[in-house]
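First, one chain by itself: the form predicted on its own, in structure tokens.
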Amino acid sequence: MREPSLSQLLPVDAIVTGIQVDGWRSAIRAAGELLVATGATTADYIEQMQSAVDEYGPYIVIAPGLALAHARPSPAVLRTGLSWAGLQEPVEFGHSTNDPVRLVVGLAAVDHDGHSSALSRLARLLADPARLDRLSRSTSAEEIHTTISEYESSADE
């Protein structure tokens, strides 16, 4: 069985731009609420993502301006999925080199294989600084989704 594409894991309904937040906790909450709204997780997963940062620090800030909010696979994860929370104003997570964050991508995975697969495909998508910049400056969910779909089409060729 073929794994779901990024554009399937990240439906238009899981993408929001211009979110007002007052810190890293509410930035993670925004990404988590999108996972809940699209049926990927229960609300418990939001707290699990926040607790991971409390416990391990801002390791989720994986590139300049980008946080990958996630927690371990748990019963709170109903299916593997992604969310995209573009922030109106960047926020500090406490990372020494990659702060401030202006994009929080939420990742929920039912198991470690799903986690690794989705993560590697997401990393390839965001590895291109020009594409990451274009995506993080996009103001519509449809535009972001289309950019991701176009990337996947070209990557499959």
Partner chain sequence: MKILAVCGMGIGTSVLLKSNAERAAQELGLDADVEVADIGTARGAAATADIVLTSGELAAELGDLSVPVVVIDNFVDGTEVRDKLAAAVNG
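What you are looking at is a predicted structure, and each value in this text was computed from that prediction instead of being measured. Positions refer to the first chain, counted from 1.
Not pictured, yet referred to below: the form predicted together with its partner chain.
A.B. asks: Check whether R131 has any heavy atom within 4.5 Å of a heavy atom of its partner chain in the predicted complex, and answer yes or no.
C.D. replies: No, R131 is distant from the partner.
A.B. asks: Decide whether H70 counts as a contact residue for its partner chain in the predicted complex under a heavy atom distance cut-off of 4.5 Å.
C.D. replies: Within the cut-off, so yes.
A.B. asks: Taking heavy atoms and a 4.5 Å cut-off, does Q88 contact its partner chain in the predicted complex?
C.D. replies: It does not: once its partner chain is placed as it appears in the predicted complex, Q88 has no heavy atom within 4.5 Å of it.
A.B. asks: Is H95 close enough to its partner chain in the predicted complex to count, meaning some heavy atom within 4.5 Å?
C.D. replies: It does: once its partner chain is placed as it appears in the predicted complex, H95 has a heavy atom within 4.5 Å of it.
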